[in-house]
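Here we start with a single chain on its own, the form predicted on its own, put down as structure tokens.
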């Protein structure tokens, strides 16, 4: 078990004090990070005491400490999972050889690209969520928002450590650029589309943490297989924190559905909106939107980059050890493609389909939560079932980018898509209703906004009515 040096200026378990040059470089980056946090982090809550968890070891059992802390004073740091003794490369052309402790020259640019792309998502999500505290449904939810935010900040530190440690001047410049791009900025946006999408209310936040953070889980699982051992160890630790983010999303959606079901049972013949909750078809629209946006994050269905990453040992499949064969040289993947305006089935070399393999695991995992939402509705006697739309629906990346496709996956004319679009995706009227519904924050301990059910339990053994955020 690796203990973390918690008393250093930058908490870490990488013996940072023994590398004075690296330590100075990161300590010079730290003020820029804090300036970014104050400018783009949670608006209006920098002085509040928040009941947060902070990493104190890299062990998955009991690795965190819970206490009140002000977010600018949070102990962000650099934490890697413990090394696996005698670890070897688990896939690709160099299968079975020792993993790398340094960056091979021939893979330098590709590795840097992977690290920068992952790193860019972390501050982006903080920027997307910066105003949500002002409309929180409870102190419990407010605290969870801030826990997600500080951990995304720590994940940024994780990638910056790799850039500073292994990529010299280029890495330092990339680390600076991570603080300069802005989510949604037309002139200097974040790298990936989903991280430029506006997130102006809590329904989008819960969908984001359910669907988009789940993409993050699978990207981290794939990078955890990397032959570059420092990247593998970094992402393995990040996965211990990512689980909470998805928990926030899943339970948040579940509580919204639960509250709506309660109102529907009380007023079976009325529009639920008349009683101050979110109707189920509108919830489905936001599910369609964030799910399709998150599917794009895996990249194109057929990708030479994905093939190169796999062949070179840079990025594998999630849980690579569960596969029987690890070279993927003589295997194929069957997928739907567009040919002359029609869907046709095509065999694609498996290495070129690695994005789709990862997307398969994501789709299956996403369905598990949807099954929970539907089980709640069935038990409540509500005749409605949520459905994940076709993975071809509303795509902006890959073979079906910009192609008009129904939620069932049927190819449409543009006119047919335009006519049905508002039944499938949020409208301005939907946004206006939800903004109005969520316009007033709830800051009293134990109280909940009308549109969401209370959680089943509190955090770390505390009751639901615990003062998770001290507002005075």
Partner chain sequence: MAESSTDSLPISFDAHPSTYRHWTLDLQGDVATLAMNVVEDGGLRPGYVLKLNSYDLGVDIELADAIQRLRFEHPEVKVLVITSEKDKIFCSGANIYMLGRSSHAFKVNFCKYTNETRLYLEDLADHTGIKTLCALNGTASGGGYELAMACEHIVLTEDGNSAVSLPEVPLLGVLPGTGGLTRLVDKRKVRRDLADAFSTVAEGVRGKRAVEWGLVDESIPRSRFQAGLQASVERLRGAATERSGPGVALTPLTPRRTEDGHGVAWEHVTLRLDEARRTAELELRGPRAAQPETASALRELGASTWALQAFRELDAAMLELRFNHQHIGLWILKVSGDPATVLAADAALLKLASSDWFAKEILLHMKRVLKRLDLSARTLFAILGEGVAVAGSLAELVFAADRSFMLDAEGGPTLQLGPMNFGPLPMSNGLTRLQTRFLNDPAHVEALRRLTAPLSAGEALRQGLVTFTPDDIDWEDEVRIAIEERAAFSPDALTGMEASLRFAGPETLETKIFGRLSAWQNWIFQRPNAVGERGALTVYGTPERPSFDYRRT
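Everything numeric in this text was worked out from a predicted model, so none of it was measured. Positions refer to the first chain, counted from 1.
Another form exists, predicted together with its partner chain; not displayed. Remarks below refer to it.
Asks: Heavy atoms within 4.5 Å of its partner chain in the predicted bound form: which stretch in 169 to 177, 347 to 355, 183 to 191, 124 to 132 meets that?
Replies: Only one stretch qualifies here: 169 to 177.
Asks: Would you check, heavy atoms only and a 4.5 Å threshold, whether residue 109 touches its partner chain in the predicted bound form?
Replies: Residue-level check for residue 109: yes, a contact with its partner chain.
Asks: Using the partner position in the predicted bound form, report whether residue 114 sits within 4.5 Å of its partner chain, counting heavy atoms only.
Replies: Residue 114: no, not in contact with its partner chain in the predicted bound form.
Asks: Whether residue 299 contacts its partner chain in the predicted bound form should be assessed with a 4.5 Å heavy atom distance threshold; does it?
Replies: No, residue 299 is distant from the partner.
Asks: How about residue 460: is it within 4.5 Å of its partner chain in the predicted bound form, going by heavy atoms?
Replies: Answer no; every heavy atom of residue 460 is more than 4.5 Å from its partner chain in the predicted bound form.
Asks: Quick one: of 232, 294, 118, 165, which gets a non-hydrogen atom within 4.5 angstroms of its partner chain in the predicted bound form?
Replies: Selected option: 165.
Asks: Consider the chain as shown here, without its partner, and state which of 158, 103, 207, 328 has a heavy atom within 4.5 Å of its partner chain in the predicted bound form.
Replies: Only one option qualifies, and that one is 103.
Asks: Do any residues of 10 to 34 have a non-hydrogen atom within 4.5 angstroms of its partner chain in the predicted bound form? If so, which ones, in sequence order?
Replies: The stretch touches the partner through 20, 21, 24.
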